[in-house]
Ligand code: F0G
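Below you'll find only one chain, the form predicted on its own, shown as structure tokens.
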């Protein structure tokens, strides 16, 4: 059938407070034109992130009642560990309170002044945790992925020629190689199995471990099933296992493809690195069998990992995201193509060519979307990535606005409302002006910076 139906029933609802255009004009001004500074009660449809905003299932809520809060050796940890290792066969599973804590521990161990960490594209906290150690976060995205309008099946792939050149010339400065699946900053684009295998082969040749930043691993696996020859008859679960069989470790935010509201982990096979990681974990997060999480959270993650590889759910997830993307394409709104799994990325630089990159077209578009319809989105562009480690500023590769769709939260009528708001915004886009930064912190400025209209 052509109709996309949710493969679940809704048993609990949360009221949404309706606001007027006048309300939103005042609210966004009070928030200094930063969407992160809005109260969520003042947002009608929240597409700021899909991280920690999913709706949990009845099975997850029931599992939370089994949560054992023992400080050490809780059975909840062993259920969590078994669920992770069922998909990701790493020897050491180290729970953390969320993904950035796993990143902090990993880069504390392997980072440092003069080191280089290559990735297809680092996301914001990954980059910040690399750079906080004095190391350089280097993006090696393929050229085709820098063209938002280009249709290609695996625009998340790392550029293998650039990676090999780096390893050949500066390999002694590279402690490990990372791949982000799916490639969030690159438009939510998947990484092919062929690229994962080839990256692992290069790492093996130069003696470097390969780690996956695996927040949306199930969506990536489903794209492999849909798009990569030879995988069309494979189960998503088997594809996931193959993806991780090529890796030496991973970082994970369970707030994405584990349907959890909090949690994450660091996993690896190296015994010595794992011991160092656990020492830091005890200092900063908690004991190795809870790692900053309650037992009930570990239980919810364990069930979420079973549910995320359900192919009926993944078909619904990918098709419903594509529904929004196709509607925007049809009205002439430029987006990153093809549509990714967890979000639509509007190409703000193409949509607002009269606003230069250093006047932040992505932030301007996101602010206007809130004004028009109370929809909160996230800029992924020059605000997020323009500031360099030396304090200078330059335009990002792309200026995007991400519409991240929380899992199992919104229905088709909510998305139809988003489409209607875009139609109104698109008709008046030439009237939008840019923004300047009135104040910014020293790192991760997009979270708390204050803007003012030009």
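Positions refer to the first chain, counted from 1. Note that this is a predicted model, so its numbers are computed, not measured. Take the two forms, find the largest set of C-alpha atoms that superpose within 1.5 Å, and that set is the rigid core.
Omitted here: the form predicted together with the named molecule. The next part is about that form.
- Taken together, the three residues 125, 180 and 256 all come within 4.5 Å of the named molecule in the predicted complex, as judged by their closest heavy atom.
- Contact with the named molecule in the predicted complex, defined as any heavy atom within 4.5 Å, is confined among 308-316, 93-101, 288-296, 323-331 to 93-101.
- Note on contacts: among 54, 49, 57, 34, the single residue with a heavy atom within 4.5 Å of the named molecule in the predicted complex is 49.
- Residue 213 is the only one of 213, 219, 379, 157 with a heavy atom lying within 4.5 Å of the named molecule in the predicted complex.
- For residue 184, a non-hydrogen atom is located within 4.5 Å of the named molecule in the predicted complex, even though that partner is not displayed.
- Residue 402 is the only one in 379-413 with at least one heavy atom within 4.5 Å of the named molecule in the predicted complex.
- With the core held fixed, the Cα of residue 8 is displaced between the shown form and the other one by less than 2 Å.
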